[in-house]
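Single chain ahead, written as structure tokens, the form predicted on its own.
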Amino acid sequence: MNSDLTKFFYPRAIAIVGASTKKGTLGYELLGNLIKFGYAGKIFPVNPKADAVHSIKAYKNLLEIKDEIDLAVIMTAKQFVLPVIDECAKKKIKSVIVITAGFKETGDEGVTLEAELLAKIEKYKMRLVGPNCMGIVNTKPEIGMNGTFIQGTPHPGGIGFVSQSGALGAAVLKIIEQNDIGISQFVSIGNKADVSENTLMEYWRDNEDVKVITTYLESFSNPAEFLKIVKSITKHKPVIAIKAAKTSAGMRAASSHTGALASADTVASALFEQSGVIRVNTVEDMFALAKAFDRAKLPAGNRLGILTNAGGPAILTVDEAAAAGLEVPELTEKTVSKLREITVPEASVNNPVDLLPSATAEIYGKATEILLADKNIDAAVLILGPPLMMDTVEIGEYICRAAMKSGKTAIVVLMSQDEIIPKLAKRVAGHPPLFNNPEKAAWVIGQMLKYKEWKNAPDGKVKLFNINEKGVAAILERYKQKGDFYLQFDEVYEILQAYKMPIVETKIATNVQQSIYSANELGYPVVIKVYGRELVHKSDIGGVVLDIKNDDELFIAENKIIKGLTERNIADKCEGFIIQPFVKRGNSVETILGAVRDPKAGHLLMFGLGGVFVEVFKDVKFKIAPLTNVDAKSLIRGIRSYEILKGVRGASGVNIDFIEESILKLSQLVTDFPMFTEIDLNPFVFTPDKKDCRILDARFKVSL
């Protein structure tokens, strides 16, 4: 395993700088945890005032230590951290964990101190975890490292967990044994001055000791890098994440619909969805799912078998299975016959199979084997309610051993018996996942099946179209000014034509005579819209009149618009009128296609139900550019109105292939020209025939 993070997780010798003789201090507890967990390497406490810590010889500084040191854990006061880093450099220590707090999380002074710390790390070509973190764990027996200061005993398993929150990490390490959570490696990254979630993800991608990756994040270090790294991981092993700091507020003071609809959580949702991350909302869900991936195979299909000794839990499981996309099929006659041979007459031998509370360990074990052997069953939830007069651990052992023989996906549920879970886990090595809730078990199997579908799905390709890129560049080169501003509509029209996107035929008029001439050239009926760089939402200011049938109506409409602008004291912002053919909607759907640039993630593309009520219905989805054809299909199918696009109540569906093409062209545009900060194509009317699809209004904002 060749990586600059290897010595963090597989160190042969650790120096604890700031080791303490005082019980209850971080320096005392961390060293104690290393000893209690059975760390296999050498430990060197560093404390200038102590001869020994935890009965281990102490050193006044790092340079007194004669042995080579792979990892230094620094727990001194913050003012001593930088001098210790200098000592690490002299000692040729390249891996450093700074537990000490008081850096950028505390304000301006801390920001400066952290910048100085990072500068030294880069100067000395070291790697740093922290500062303001909780430490590292590796449960592999050959290492046995609990390099944290919290109480609790990490339980071995295949889960990697990286947490931006020390408190959350501490809570997890305290509950893992009770809940049968098997941790392989754990990292608290704190302020992530150097080593971030991206660094850890990339390291764990090829680390065979980590079967499933879990993470708690409050922010992304580099969203684009996250997407690239994690997408390369999830095709091989699952990644499960909690992202905190959600909000429904717009991501910027946006004047476009797209910008207004993009919340601060939009980037996280798009990143997770495009990279194949399974997003959950609670720690309970994250580790329920993680331990299932760790201890069970992926289900072969969606057919679920249910075994129980009480009817109520089985009914709840059936309901959750349906919600999770699972079926509860009938069992074969052969299976039913075999179950009837071992059960009491009152038992139900259909799926769900109810053995009744009197079922013994032997009956439970045989029923488990029979159910999982059924050709109609891909996975099973095996529920054990607390029997009155029997040994629950023994019954659980029979269930586990029978499930392990089958090779199919199985989850064992011990209801109202949390204290039994660790006992059963210790008795049966390699046991299936143990839960205390049957609904959660069914939900987990559904999530595992969705992950399998993602894993087997094609990656998709970024399609490039033959467009007039030079034409767009020429338009942007006209501008000498700097800052954020909207392009004129005639420029927007040229850009959309350059990228072969179907903007409705448009004329610009600066007086009534030009308007009448343009309208006659286009042919009545027409639409007029007020024209002006600062007049963005035209409908909101009464700046649009539809279905104008002749010259007189045109004259009246323009005067009406000007009167309305005057009443709003914005008539001076009117630079003319846009004249377009009036497109009769007929068998069509108004959509919106847009883009907004996030400072870190890049461009987010939005598609959804459009028109004047787009911010009311909010039926939109976002993806991060550049989009593949698979991303574009997912974007279209992800909106609630997708069934309308396909056609309802006898109406023909719109041209969905052309929607996909249009999305990919907009993706290419913002990738080619990242200075576009906000784009709205709304309404973008789609019909069954590609030649009738039209963009009826558009606005482009740029930052130069």
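Just count from 1 along the sequence shown to find any residue number. Only the largest set of C-alpha atoms that superpose within 1.5 Å between the two forms is called the rigid core. Everything numeric here is computed off the predicted structure, so don't read it as measured data.
FYI, the form predicted in complex with another copy of the chain isn't displayed, but the following is about it.
For residue 641, a non-hydrogen atom is located within 4.5 Å of another copy of the chain in the model of the complex, even though that partner is not displayed. In the model of the complex, another copy of the chain stays beyond 4.5 Å of every heavy atom belonging to residue 429.
Using a 4.5 Å cutoff between non-hydrogen atoms, residue 124 does not count as a contact of another copy of the chain in the model of the complex.
Residue 373 falls outside the set of residues with a heavy atom inside 4.5 Å of another copy of the chain in the model of the complex. Among the residues 517, 454, 617, 479, the one placing a heavy atom within 4.5 Å of another copy of the chain in the model of the complex is 617. Of the candidates 660, 70, 29, 672, 29 is the one whose heavy atoms come within 4.5 Å of another copy of the chain in the model of the complex; the others do not.
From the list 464-472, 332-340, 316-324, 223-231, the contact stretch for another copy of the chain in the model of the complex under a 4.5 Å heavy atom rule is 316-324. Contact check at 4.5 Å (heavy atoms) against another copy of the chain in the model of the complex: all three of 310, 418 and 611 pass.
Shown without its partner, the chain has 216, 218 in segment 215-232 as residues with a non-hydrogen atom within 4.5 angstroms of another copy of the chain in the model of the complex. Residue 281 shows a C-alpha shift below 2 Å between this form and the one not shown [criterion: core-superposed Cα displacement of 2 Å].
Relative to the superposed rigid core, the position of the CA of residue 457 differs between this form and the one not shown by less than 2 Å. Once the rigid core is used as the reference frame, the Cα position of residue 323 differs between this form and the one not shown by less than 2 Å.
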